[in-house]
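Okay, here we've got a single chain as structure tokens, the form predicted on its own, with questions on binding and movement later.
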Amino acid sequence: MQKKLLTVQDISCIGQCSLTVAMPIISSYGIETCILPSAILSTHTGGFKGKFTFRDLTDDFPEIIRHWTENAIRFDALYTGYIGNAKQFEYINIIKNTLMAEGAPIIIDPAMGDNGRLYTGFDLEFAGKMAEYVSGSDYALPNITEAAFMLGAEFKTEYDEDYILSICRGMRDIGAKNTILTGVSFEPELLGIAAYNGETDTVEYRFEKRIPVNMHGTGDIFASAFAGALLGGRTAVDAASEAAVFVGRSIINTLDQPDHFYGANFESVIANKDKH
């Protein structure tokens, strides 16, 4: 039977990120992808001229949940990304407690920062709320910046395996059962993930050749591919490794498009998925 995943994050009308990334990528794994938009933005928050529009959809959540409950809708997995309003955590927790099938994995990408800084509109109070929310996850997918802010830990650009393990254990201590820490690098030419199993207290690393460019939305591509691969039957480590490869191919496919500054060309990866 086809699995049904619910993803909660924003719609950025232009800029390949959030729901415009999640829906096609997860669907490409054969997963029915249902959505609960957290907000609608004219573009994502980086790189475009002028002030982006932002419409918060928090007030729509209660009635949407009521209607789903009335129809006895159940989901086989929950994946959340960019949440623009901490009030939405309360409603998502209701969904987690009432509308999920037994054993449904909870995948949380705490999308709120990178490169040692929080995104526009977020502060330390929000990071604390995110830490509380992540406590209900089966799989937390932070980058090092997001994990450091949630834990109140020092953000480092140079580190060793002990630092990564301490971050992963910190995530476990705030309630994340497993953590896939992204943006991990011990060598300049390699970039990858640290997959931490909270039950066994062990870390597995997977690295790919670093592509020396920064592109918007790659975290969303990673999280979406991870969710799709995980529900498709991969182990968490294999799903994370597959997602990292997916991101790398998306970036490579964008390098010859100088006007494509706002995201990564993941569509061509989907189109050629069966050829790899």
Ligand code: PXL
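Keep in mind that what you see is a predicted model, and the values were worked out from it rather than measured. Position 1 is the first residue in the sequence shown; the rest follow in order.
Although it is not shown, the form predicted in complex with the ligand is what the next lines describe.
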Note to self: Within 4.5 Å of the ligand in the predicted bound form - does that hold for a heavy atom of every one of 224, 227 and 239?
What the structure shows: no
Check: With the cut-off set at 4.5 Å between non-hydrogen atoms, does residue 37 touch the ligand in the predicted bound form?
Finding: no
Next item on the list: Give a yes or no for residue 217: in the predicted bound form, does one of its heavy atoms lie within 4.5 Å of a heavy atom belonging to the ligand?
Entry: yes
Next item on the list: Give a yes or no for residue 119: in the predicted bound form, does one of its heavy atoms lie within 4.5 Å of a heavy atom belonging to the ligand?
Entry: yes
Next item on the list: Verify the contact flag for residue 18: yes if a non-hydrogen atom of it lies within 4.5 Å of a non-hydrogen atom of the ligand in the predicted bound form, no if not.
Entry: yes
Check: Of 29-37, 242-250, 63-71, 43-51, which is the one stretch near the ligand in the predicted bound form, taking non-hydrogen atoms within 4.5 angstroms as near?
Finding: 43-51
Checklist line | Single option in 149, 133, 196, 82 placed near the ligand in the predicted bound form, where near means a heavy atom within 4.5 Å | finding: 82
